[in-house]
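Here you get one chain, nothing else, as structure tokens; it is the form predicted on its own.
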């Protein structure tokens, strides 16, 4: 089976051999969306590139998003037109070229009731129409993202059956991009970087960085080694200050809840409700297409210990459910919650403002000797531009070609899906695009591998096999928490543990 950019134990061992005592043009520390984006941009320009990640791809912030590729509507409310334009442009690139198999159009409804009085409704409609101007300027066709409009109360309830009926004047309908899976995007970027020649090594910690020399440790064996690089890129996210103590971060915490879609009557659109007393902040419930809703998001200062899997507090849960319930026929409670997750945003410390008001524009910080660049800030939607700007700094100093990533499809995004696609489960097409037939072929005559792992889940056995053989999953956590995302609902995660362990043990790469 010819799989482009395959990541597995054999590849990891070979890439470790390249790193140990090796020399690279670019060494990236961090395997989230920013780090993998930098690795892809650098490798696709022909630079000798390596990436190390202390845990797994998308282990940190990159898997804790709202799963949206948005056009920057909230930034228009803050008059950050440049950030909004960058978001709209990058959304277009993702939807049209780099990952059209992972990003789809999603309708949003802002209900017009007492949560959004007449003046607020007018301002919201003005805002979404301004966002539509950016959509048009970015080259996004109406066939990809339809234009905004007002809808009647009847149509609003058809889209979101769980809305309150009383005082409902209608709604403002607009469209934005929804990501199938944020961790899946990171894996696709990493594999595309590997296909371009980058060495990708997970479960490998950077112990120290000095003058382009990185001391690293293979976490699977405990072996330490040294690797040289003309430029080290610190893309460690909220851990960036542990790599370069000169970086001053002010993390914010974003919390989400996972609900069964039946709690809102199985909506066909996302619903957003303004936060009382705050400008340009909303809580939304987004249908994921697999019978789930993601409710979020908080955006609060965080001064505690940074951990891989932060907990959602009772206060955060109450805030999210309470804000959303203001627009609903049946108020939500903790009994409706089947999963919870939270993550930290690596915002640059710019002073005493609320983290909700800190610009999401990225920053690139250069060390005194120019041997290390730290990239922080930004957001999931604009990862490609963040990477391009970072590598531009490197080629300005050392030479190299122009960025190619705006026209480079990620693995799975290739046009011309084989005719056998009609026999491939729809879930695989949604998550793997043109690679779906390759994933299905791993069943190899065993129809059980093309069936859900257990009743109540959509995850198929072949997805786990593909995760081990070609997506760099090294253990059960990598498989369940970051390749198929069953960890978002703990009860489902527990049911899949034994099956994942068995498949992992029997897989031969």
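Positions refer to the first chain, counted from 1. The shown structure was predicted, so the numbers you read here are calculated from the model rather than taken from an experiment.
Note that the form predicted in complex with a small molecule isn't included here; everything after this is about it.
Colleague: Heavy atom within 4.5 Å of the small molecule in the predicted complex: which of 412, 237, 148, 131 fits that? Just give me the one.
Modeller: If I apply the 4.5 Å criterion carefully, the residue I get is 237.
Colleague: Since exactly one of 481, 56, 463, 471 fits, which has a heavy atom within 4.5 Å of the small molecule in the predicted complex?
Modeller: The residue in contact is 56.
Colleague: Run the contact test on 184, 287 and 406 with a 4.5 Å heavy atom cut-off to the small molecule in the predicted complex and return yes or no.
Modeller: Heavy-atom distance to the small molecule in the predicted complex: none of the three under 4.5 Å.
Colleague: So if I measure heavy atom distances to the small molecule in the predicted complex, which of the stretches 330-338, 248-256, 431-439, 224-232 falls within 4.5 Å?
Modeller: In the other structure, the partner sits against 248-256.
Colleague: Is residue 66 one of the residues lying within 4.5 Å of the small molecule in the predicted complex, judged by heavy atom distances?
Modeller: Residue-level check for residue 66: yes, a contact with the small molecule.
Colleague: With a cut-off of 4.5 Å between heavy atoms, is residue 45 one of the residues that contacts the small molecule in the predicted complex?
Modeller: Close contact is absent here: in the predicted complex, residue 45 is far from the small molecule, nothing within 4.5 Å, heavy atoms only.
Colleague: Using a 4.5 angstroms cut-off on non-hydrogen atoms, would residue 171 count as touching the small molecule in the predicted complex?
Modeller: Contact with the small molecule, no.
Colleague: Can any non-hydrogen atom of residue 52 be found within 4.5 angstroms of the small molecule in the predicted complex?
Modeller: Contact check for residue 52: yes, within 4.5 Å of the small molecule in the predicted complex.
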